[in-house]
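First, one chain by itself in structure tokens, the form predicted alone.
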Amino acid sequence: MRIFKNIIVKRPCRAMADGITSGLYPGRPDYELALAQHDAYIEALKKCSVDVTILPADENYPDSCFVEDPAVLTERCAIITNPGAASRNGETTSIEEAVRKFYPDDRIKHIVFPGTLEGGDVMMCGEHFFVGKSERTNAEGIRQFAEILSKYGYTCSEVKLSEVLHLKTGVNYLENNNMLVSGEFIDKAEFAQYNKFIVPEEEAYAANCIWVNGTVIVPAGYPTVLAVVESMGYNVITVDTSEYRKLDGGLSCLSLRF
């Protein structure tokens, strides 16, 4: 089982209210509340025996607090992505600067045009990576990603998405062969080998939980999912992410864990 030593987060900026949103969860984010929720998120991460690097807010990029998308970090290499949302392309520069403190130059790779890939579409299960083919991640991005991973002994497979923004919007691996699944992922053949715990439609947002060194962080306000995760035997921490939900963002989106 992997152990995370480091986590990178980025403070939300005031411009976050102008971030990309599908409108699935209506409302305009409250910046001060978002800051308080981010503080609580960082404190929850620190309880999981990791060092947390906190990057400053960047008003030039409203969605930049969602640091998961511009990079994928593994034990053996770091991959700087090429986000499919044009307004987010510039986020990779500051993320790469932060990543270079942890990885040597020869282990930092890049997804390049015409390939697009966002980290929210990438789910690591042991040494295998599932990658969602979505509006933000295309076939060429997945091809480049798989080619890079293969050089470091990892495998990769594509999962086609039809309903959600990112792969991890609806399915998340919690180690120990356990997986939270919702919606279109409940019957996906790709996940047949895992212990699947089904998230009810009314709590679909809470499918996006994160495992950090034996603790699972669960979004606050979803009692069924909380009970399911507790039944697996994990230590559980809840964190309110209501303001990030308005931008289709969840717990995994807000950090790079490696």
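All residue numbers are counted from 1 along the displayed sequence. Remember, it's a predicted structure, so these values are computed and weren't measured experimentally.
Omitted here: the form predicted in complex with a small molecule. The next part is about that form.
Stretch in contact, per heavy atom within 4.5 angstroms of the small molecule in the model of the complex, of 68-76, 149-157, 101-109, 180-188: Partner-contacting stretch among the options: 68-76.
Residue 253: touches the small molecule in the model of the complex, heavy atom cutoff 4.5 angstroms: Residue 253 belongs to the contact set for the small molecule.
The small molecule contact at residue 165 in the model of the complex, heavy atom, 4.5 Å: Close contact exists here: in the model of the complex, residue 165 approaches the small molecule to within 4.5 Å, heavy atoms only.
Contact label in the model of the complex: residue 132 to the small molecule, heavy atom within 4.5 Å: Close contact is absent here: in the model of the complex, residue 132 is far from the small molecule, nothing within 4.5 Å, heavy atoms only.
4.5 angstroms heavy atom contact with the small molecule in the model of the complex for residue 249: Close contact exists here: in the model of the complex, residue 249 approaches the small molecule to within 4.5 Å, heavy atoms only.
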